[in-house]
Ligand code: NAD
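Heads up, the chain below is alone and in the form predicted alone; it's given as C-alpha cells.
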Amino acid sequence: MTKIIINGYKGRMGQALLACVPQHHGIVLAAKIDAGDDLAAAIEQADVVVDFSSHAATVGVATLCAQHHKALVIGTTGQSDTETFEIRKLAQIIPMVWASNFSTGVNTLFWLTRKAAEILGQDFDLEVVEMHHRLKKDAPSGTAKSLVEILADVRKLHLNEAARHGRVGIVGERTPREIGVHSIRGGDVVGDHTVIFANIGERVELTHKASSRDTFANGALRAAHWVVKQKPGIYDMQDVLGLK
C-alpha cells in the first residue's frame, strides 16, 4: 500500500486528487496539507508527497522530502530557472515524477507530436495554441512548454531563440526556424492544446481537450504509486506509462 500526502489539497487539483484516491486500491491518504499546515509534522506518515500547491513552494517541499527520503510527485508549473536547478539537485537524493501534464491522453499527444515532427520534416511551420480557464496564473501552460520543447528538439533548435510568444505589430514574414506559442484564457476551460503543422496546400493538427481534472488526478496518483519503487532521479509520465 502506497501512503501519500496531498500538498495543496484546497486547490482545484487538490480537490480532484482527494476525490480520486478511493478509486485507487493500492493508495491510501496519509495526510492532506495546504498553506498554513505543517508538512514536516506529517511527512513521516507517508511514502510520497504529491505537490499541487504553487511553484514558489515546490523547492521547500522537495527539500523536506529529500531530508526525510520521501518520493515526490510535482504537479506545479511556472518554476524559474533557479527553482528548477534546485529541484534537479535534490533529485540526486530522491525519486521524483515531474510532469507538465499527468493525463494519459496528453502524454499520447507528446508522443504523437514527436513522431509527426519527425515524419513531416522541415517544410512545415510549427505553432502551438493552448487555452485554459480565466484563473490560471502562468502562461504558456506547462503542457504547451513541453510541446514546444519536443518540437525544438526534433528540429535541433535552441528553445529560447525559436519560441515566439504571440505576435503583434510589424513582425515581418514568418521564419522557418520559429515555433509560435499562443495562450488563450477564459471561462472554465480545464485545458485545450493544439499543435499545428502548416505547409503550402495542407495542414496537420493534433489536439487534446480535457473536460475533467480527474484525468490529471488519476495520472498523478498512478505516478505516485510508481515512483516509490524507483531510484533517485527525475522521471516524467512517459516513464510512468512506459512510452520511452
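Just count from 1 along the sequence shown to find any residue number. Keep in mind that this is a model prediction, so the values were computed, not measured.
The form predicted together with nicotinamide-adenine-dinucleotide exists for this protein as well; it is not shown, and the discussion that follows is about that form.
- Note on contacts: among Ala40, Val204, Val28, Ala57, the single residue with a heavy atom within 4.5 Å of nicotinamide-adenine-dinucleotide in the model of the complex is Ala57.
- Taking Ile234, Val228, Met13, Val21 one by one, only a single residue has any non-hydrogen atom within 4.5 Å of nicotinamide-adenine-dinucleotide in the model of the complex, and it is Met13.
- Of the candidate stretches 111 to 119, 155 to 163, 70 to 78, 89 to 97, only 70 to 78 has residues with heavy atoms within 4.5 Å of nicotinamide-adenine-dinucleotide in the model of the complex.
- Remark: Asp123 does not count among the residues lining nicotinamide-adenine-dinucleotide in the model of the complex, judged by a heavy atom distance of 4.5 Å or less.
- Contact check for Arg167: every heavy atom lies farther than 4.5 Å from nicotinamide-adenine-dinucleotide in the model of the complex.
- Shown alone here, Ile184 lies farther than 4.5 Å from nicotinamide-adenine-dinucleotide in the model of the complex, counting heavy atoms only.
- At the 4.5 Å threshold, heavy atoms of Lys136 reach nicotinamide-adenine-dinucleotide in the model of the complex.
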